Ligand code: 5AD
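Starting off, we have a lone chain in the form predicted alone, written out as structure tokens.
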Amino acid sequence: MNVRDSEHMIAELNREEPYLLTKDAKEADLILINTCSVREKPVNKLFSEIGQFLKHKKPDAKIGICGCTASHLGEEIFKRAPEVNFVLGARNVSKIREAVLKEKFLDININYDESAYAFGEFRQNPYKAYINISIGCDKKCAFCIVPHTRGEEISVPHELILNEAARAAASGAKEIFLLGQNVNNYGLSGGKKGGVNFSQLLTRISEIDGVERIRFTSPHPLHMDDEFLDVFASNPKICKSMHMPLQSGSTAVLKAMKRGYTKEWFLKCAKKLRAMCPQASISADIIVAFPNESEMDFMDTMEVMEEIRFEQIFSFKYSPRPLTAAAQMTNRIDDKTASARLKMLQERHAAILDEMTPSYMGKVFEVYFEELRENGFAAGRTSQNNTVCVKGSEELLGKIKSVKITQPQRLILYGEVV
């Protein structure tokens, strides 16, 4: 989502004058730091990053702080880093040109609606198009700051999405990647009820000439109805990779988190997905040591992971965030216990991956190649989101090739084009 917001900002800047990207801060006329505030660590890192840029930047170069941390810290950023020229919230991306021109510009209005704004064209990856299908979030998860930094959920008009996907495909992007906090709630919230729902949107995008793959993140377990699962399983252009944010395997903790589902609901949904689409991979977000999480609650999470055997997890210790309900909760889990639980979870998941990995040997996958890597390798992804590397060069980029796996590893599968 931040990658796409950054692309939108670059596109908007280029409406007036040509901006070129540079990896050297000493060359930059404009330095944008696009931030995340889901966890505490990236927020703390922001001000050290500002300090590093101040050491190297040109005297007249401007620094802008954008994104979710901009939304929730606002004017405090100027107080803590007076050298910053402007602060632009996550819901105000379309105002980047105004921000650059006005000293000490500040706009962090989370009620601003730019869902129908037609941004300019810019993509860092010519082979993949990220497309926002909604902004904001209508959930009230106790641990999450996103509704306070990105505002209420609003669906982007489907005509804009289809037009953007068609333009991207026409320019050579075979893969469309749909973005939203709860993508499978598309069209059902934010005053835009009726019209096209997410399942219908997926179908319409799949009918666009040139679109060969569709990915999306993140769906919400609550909205994984039969229509959605049917379209996911049956449409060959939809990549068979499903992200299902679990957060916790304990029904009691899920209730405290205000997630809206139980352990049993999640397991039923995940098992139904496995039955309908056996080739699909499933990934999950997991938070350990949420306030009041008992040892039994944590073992419930371990049990869910054991039953579903996620192909990938994004796991973290609970991080209290300002403005959230959980920040007011008592009975915090001490860091030693939290670290031990995270270590146990991650080590068991690594073992599950080690058990899965040999099964990839000799299998043939369709791989969409997107990038070159060191030592003469080209890399791409399978429909199931496995990273695959083969010996190759530019002629593979932007193409889908059959690859036989000859050396499976936990995080990367090596193979040869067949």
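Residue numbers run from 1 along the displayed sequence. As the structure is a prediction and not an experimental result, all values here were calculated from the model.
Unshown form predicted in complex with 5'-deoxyadenosine (5AD); subsequent notes refer to it.
For residue 283, no non-hydrogen atom is located within 4.5 Å of 5'-deoxyadenosine (5AD) in the predicted complex, even though that partner is not displayed.
Proximity of residue 287 to 5'-deoxyadenosine (5AD) in the predicted complex: non-hydrogen atoms within 4.5 Å are present. In the predicted complex, at least one heavy atom of residue 321 sits within 4.5 Å of a heavy atom of 5'-deoxyadenosine (5AD).
By the criterion of a heavy atom within 4.5 Å, residue 57 is excluded from the residues contacting 5'-deoxyadenosine (5AD) in the predicted complex. The stretch from 59 to 67, 379 to 387, 359 to 367, 32 to 40 that comes within 4.5 Å of 5'-deoxyadenosine (5AD) in the predicted complex, counting heavy atoms only, is 32 to 40. Exactly one listed residue, out of 144, 269, 333, 169, brings a non-hydrogen atom to within 4.5 Å of 5'-deoxyadenosine (5AD) in the predicted complex: 144.
Proximity to 5'-deoxyadenosine (5AD) in the predicted complex, defined as a heavy atom within 4.5 Å, holds among 104, 309, 317, 97 only for 317.
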